[in-house]
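One chain is shown next in structure tokens, namely the form predicted on its own.
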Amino acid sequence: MTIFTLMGFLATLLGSVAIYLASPNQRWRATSWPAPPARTTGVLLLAVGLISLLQALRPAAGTFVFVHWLMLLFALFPYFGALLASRRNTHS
């Protein structure tokens, strides 16, 4: 695995976290992040992630990996939020 692949995965993860935490329906924190700067940062990180994956892989494969990684992250984030909320309720 090249450095571009790792950088692509990490940048996509951080970008999707920033976008998720800007949502008013997120469950990770008590309040959401300010939407415009968090979403802008998230989109820029997603662009860096896609460009990095395109450097490491062929265009079709890089796009495929990027979209599926992003889809997996956005599908798992609400479950992580539910897990965090249940742990907060049991420890309180």
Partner chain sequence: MRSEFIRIYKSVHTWTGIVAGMVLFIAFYAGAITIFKEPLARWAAPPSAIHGHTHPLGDASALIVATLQKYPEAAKDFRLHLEVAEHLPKGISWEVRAPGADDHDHSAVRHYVAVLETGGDVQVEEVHPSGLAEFIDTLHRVVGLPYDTDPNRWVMGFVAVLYALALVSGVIVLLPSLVKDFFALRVGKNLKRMWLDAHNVVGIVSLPFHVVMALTAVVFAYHDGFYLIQDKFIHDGRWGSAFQGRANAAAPATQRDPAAMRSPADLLDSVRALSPSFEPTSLQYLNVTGPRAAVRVWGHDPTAHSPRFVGGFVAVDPYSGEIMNADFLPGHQSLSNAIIGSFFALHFGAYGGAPVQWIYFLLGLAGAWLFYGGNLLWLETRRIKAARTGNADGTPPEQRRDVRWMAAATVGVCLGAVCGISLTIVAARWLHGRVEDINAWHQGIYYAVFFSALVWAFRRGAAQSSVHLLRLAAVFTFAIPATSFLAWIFPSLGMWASGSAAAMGVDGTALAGGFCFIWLARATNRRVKGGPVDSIWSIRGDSAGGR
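Positions refer to the first chain, counted from 1. Being a predicted model, the structure only gives us computed values, none of them experimental.
FYI, the form predicted together with its partner chain isn't displayed, but the following is about it.
Full three-residue contact with its partner chain in the predicted complex, heavy atom 4.5 Å, for F9, A56 and A75
Affirmative, all three are within 4.5 Å.
Quick one: is L46 in contact with its partner chain in the predicted complex, heavy atoms, 4.5 Å cut-off?
It does not: once its partner chain is placed as it appears in the predicted complex, L46 has no heavy atom within 4.5 Å of it.
Just to confirm, A35 within 4.5 Å of its partner chain in the predicted complex by heavy atoms?
Because no heavy atom of A35 falls inside 4.5 Å of its partner chain in the predicted complex, the answer is no.
L50: heavy atom within 4.5 Å of its partner chain in the predicted complex?
Taking the distances in the predicted complex, the answer for L50 is no, it never comes within 4.5 Å of its partner chain.
Heavy atom contacts to its partner chain in the predicted complex at 4.5 Å, residues of 54-84 in sequence order
Contacting residues: A56, L57, R58, A60, A61, F64, V65, H68, W69, M71, L72, F74, A75, P78, Y79, A82, L83.
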